[in-house]
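Here's a solo chain for you in structure tokens, the form predicted on its own.
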């Protein structure tokens, strides 16, 4: 197996890179621009803009991957609502490029998607549940999924996931656990929604599932998340409790009062039965994941 990773500078991309190193899997890391992950050597990295098909074709011709794991995307939900053309370019048209090159070279394409393809009225969700996105970000991911679902080429997998957390080098964006920990430590006033429910996903668990899908040449849609679903305020409270931080700065608010550009689904969460059965996926609880994260933070 030879894995081409897109979005390798991101949190998930770095974790997939780490796992490839641990398992001695041949890989090539790619992102738009320069490499920002110190563990990757110059020989293991190529700059690649997935919005430019010729760049993908050139890198694929050089590396000859058997698997592409596409972690690259614009995931800022409100940004996507205000920048629809750019959102479509990266989240949809770039996936069209990857699918074209994968089909041309018989490569197993593993594409990352999101719980935001659902409207949040009937969570937790299984893979076959009807999609009904509330935001343009969610719609862009539905469009990208449909490229694969409607293709005559069937050597692909879609991996839907939910708010991913963990630590990585030179991250362009933080994630909810690290943000909450930092704000609580600084005693910042925090206003958190109490009417949105999610199953936070430890980045290492998601990376394991992506690589496992490649190893098994598994196809179709897989739901990959943490096993625990709770409200965003509960999530932040659990972060506070784990690190023994003061919760008195926390205030709750309803989603409707925030005036966010994009609407969020009220309750998602995933039914993980298919991933458990097909892949042997066995994610740790939220607290077990915080144990691992805490150890990583101490090392850093």
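Source: prediction; values computed, not measured. Numbering follows the first chain given and starts at 1.
Quick note: we don't show the form predicted in complex with a small molecule, though the next part is all about it.
Within this chain, residue 229 is remote from the site of the small molecule in the predicted bound form, having no heavy atom within 4.5 Å.
In the predicted bound form, no heavy atom of residue 110 sits within 4.5 Å of the small molecule. In the predicted bound form, none of the heavy atoms of residue 20 sits within 4.5 Å of a heavy atom of the small molecule. Although the partner is absent from this view, residue 48 contacts the small molecule in the predicted bound form, with a non-hydrogen atom inside 4.5 angstroms. With the small molecule omitted here, the record of contacts in the predicted bound form names 66 to 74 of 66 to 74, 232 to 240, 245 to 253, 258 to 266, defined by a heavy atom within 4.5 Å. When contacts are defined as a non-hydrogen atom within 4.5 Å, none of 125, 207 and 219 contacts the small molecule in the predicted bound form. Contact annotation: of the candidates 184, 162, 158, 192, the single residue with a non-hydrogen atom within 4.5 angstroms of the small molecule in the predicted bound form is 162.
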